[in-house]
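Quick setup: one chain, the form predicted alone, written in structure tokens, and binding and motion questions come after.
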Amino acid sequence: METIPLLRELSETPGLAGHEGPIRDLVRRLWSPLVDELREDGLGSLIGTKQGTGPEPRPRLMLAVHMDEIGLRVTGIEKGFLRVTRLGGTDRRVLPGAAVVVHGKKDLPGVVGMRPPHVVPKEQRKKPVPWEELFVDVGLSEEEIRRWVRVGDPISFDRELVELKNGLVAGKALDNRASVAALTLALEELSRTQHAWDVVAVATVQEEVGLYGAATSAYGVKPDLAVAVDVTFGRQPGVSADDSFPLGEGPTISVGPNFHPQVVGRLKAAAEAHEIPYHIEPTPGRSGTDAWAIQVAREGVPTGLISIPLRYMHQPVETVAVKDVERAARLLAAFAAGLEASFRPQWEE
């Protein structure tokens, strides 16, 4: 499977938090030939199981990536224009001039507009535009727009993936479609490798609004061990070097109270054995990822986290290095294949 075409298809397919249908259909198509069983849970997370070769009852390894994305939601219709608010952690500073798709009774292309600077009071021109002054224009009359759009309809960014120099790509929703790509590539690698544990790949929903899909899917899967894959802050101007990581030099492995020491140790050992470059990411508290919800599911799940460095988080031009996606995939596959049938994480006294 070629990485850039995979990233392109995943990035450009809509799948807003709570409205993941289109991206779920795509992931189902991608995963169907790579797993032995595929199902959807009550909240909409997609769960694919690839059976291991160890003796039954086999332990279960859950590999979790969230497939939802941030966007906008219609809050009102005013003289043929749509008033909007955020859906997830959308940053209103990047909205003016953005191309969008309104997902009403049919999809409608639109643009995010605001008053021209000539008519804005001088003291307000350097401030972010407040939500109540932003609107979406789809080019329809009041009567037409009320026929096709309702308050509450979601709106996604309309952005094609762009290939930059030096193996970088930029596009919307790479938080967390880059990780969906990594898990898909890992499943492809595992199809050529024996692994003792059952591997349960989960594309979770509603991470961007509360980690809900991770909590419910972890309860249903009841894994013996879990690894979540997400993105972390990539090195860029204005972001501290202590809080970010270079693109193209490998994924990160998180350490902290959210992560089981033996899972962390196994991830590091797998990376080193397969000569996969990585960085250690200290996470002293809440990780803010699916790992946070999975860790406390049922009676508790030993959990780890792999992250792909990403620039411009929660903007329509999120940027990652293709090599980091591929290295995260290799690390997932190597970690899964290296779990012995008898291994169970234990807390050391």
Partner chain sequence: MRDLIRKLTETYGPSGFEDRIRAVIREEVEPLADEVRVTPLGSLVAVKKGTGGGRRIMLAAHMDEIGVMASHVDDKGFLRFTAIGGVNPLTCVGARVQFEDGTLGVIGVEGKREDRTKAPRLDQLYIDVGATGKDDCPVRVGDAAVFVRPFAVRGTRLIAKAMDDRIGCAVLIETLRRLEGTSNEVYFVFSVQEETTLSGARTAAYGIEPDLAIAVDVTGTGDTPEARPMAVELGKGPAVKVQDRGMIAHPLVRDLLVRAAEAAGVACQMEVLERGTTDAAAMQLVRAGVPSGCLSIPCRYVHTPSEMVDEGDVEGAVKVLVEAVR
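Numbering follows the first chain given and starts at 1. All of these numbers come straight from a predicted model, not from anything done at the bench.
There is another form of this protein, the form predicted together with the partner chain, and it is not shown here; the text below is about that form.
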- request: Spell out, yes or no, whether the shortest heavy atom distance between T319 and the partner chain in the model of the complex is within 4.5 Å.
  value: no
Using 4.5 Å between non-hydrogen atoms, is R39 touching the partner chain in the model of the complex? no
_Does any part of P109 reach within 4.5 Å of the partner chain in the model of the complex? Heavy atoms only, please._
no
query = Does the 4.5 Å heavy atom contact test between W292 and the partner chain in the model of the complex come out positive?
reply = yes
Testing 60 to 68, 297 to 305, 39 to 47, 319 to 327 against the partner chain in the model of the complex with a 4.5 Å heavy atom criterion leaves exactly one stretch, namely 297 to 305
Given the partner chain in the model of the complex, answer whether the residues V255, H260 and G285 all have a heavy atom inside 4.5 Å of it. yes
Checked F81, Y219, W131, F233 for heavy atoms within 4.5 Å of the partner chain in the model of the complex; positive is Y219
